[in-house]
Ligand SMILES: Cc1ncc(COP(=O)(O)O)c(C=O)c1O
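Okay, so here's just one chain, in structure tokens, the form predicted on its own.
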């Protein structure tokens, strides 16, 4: 009889499954949670997760649905009422009218990226990703058999790609560009004429443009613009996770050219059947909680101002003021050579968890550290105090 724990006879996994890197922020959170469970006082600045629950209106609507409704499958494209409400939200927020037929409800933005990539790319295609950027973009592309084409950006350009980068993508044979504004991890945005210029450049070069707009609503100076104002061919990915404070509900949406709707519907039918019904019901309720959500955004703004004052005074002097989201991307050169070791030491010494930049930028990330200020205000004050004291004694 064979030993049930002997896996030597199993076939090797396919090549597409082997190069996937860990999502480091989740590893940091796991370490922080273990320390917290052991009794340590941990301040979580590693994960981009609101400290608040879903808005009351969302939770109340979900509770009523659990008590009164069947909660079976919805259509693969999502609840018609939610698709209509998202279209209204887009018009109210940006003054852009989008037909409901172009809106696809997804199981979080992660499912949205999977559906978008599969709908527009062929096996082996490359896709442009500004770096630093959300690490799951490149891992999803690799897992699906596509190739991430990293675009090196810097703080001088506010960590945003340029039209020259679009031209270079086209010359390299890439299929398109993914733009996030506000960006994770830097919090910077495509301001001024940058967004329409990038949309025009992608159109001119015949490239797909995917706009990650999941941090829209979380801006502190100028409002973010949607690419839908400049292109009917672009794909928008959005989510209820960040502004709407619904990370664990796993519900988001796509806005796609109408010609892609049926393709994405077929993919969604086979991959997901439908988004979670209870989450869609809660998302409908979330639109009735805007006053509550705006107060949460004001809290983030206060956290941002605090840290932009306190962290440079503590020694983290090179931080480009973030336009939106809830992140600060700090240059730690002069303090340490390796942000991975720096983050591990900071967590061990003072119980402040942050994410090494290597998660977001394989080339330059060891020189940077990302802090999330989505936590409670008293926690941000305490984190600033601990960091200042710690850096003085290093």
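None of these values were measured; they are calculated from a predicted model. Numbering follows the first chain given and starts at 1.
FYI, the form predicted in complex with the named molecule isn't displayed, but the following is about it.
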Taking 162, 194 and 329 together, does each of them reach the named molecule in the predicted bound form with some heavy atom inside 4.5 Å? no
118-126, 164-172, 89-97, 209-217: which one contacts the named molecule in the predicted bound form at 4.5 Å, heavy atom to heavy atom? 209-217
Under a 4.5 Å heavy atom criterion, is residue 153 part of the interface with the named molecule in the predicted bound form? no
So in the predicted bound form, does any heavy atom of residue 244 sit within 4.5 Å of the named molecule? no
Whether residue 110 contacts the named molecule in the predicted bound form should be assessed with a 4.5 Å heavy atom distance threshold; does it? yes
Taking any heavy atom pair closer than or equal to 4.5 Å as contact, tell me whether residue 131 reaches the named molecule in the predicted bound form. no
Checked 158, 250, 299, 83 for heavy atoms within 4.5 Å of the named molecule in the predicted bound form; positive is 250
Using heavy atoms only and a 4.5 Å cut-off, determine which of 226, 184, 279, 303 is in contact with the named molecule in the predicted bound form. 184
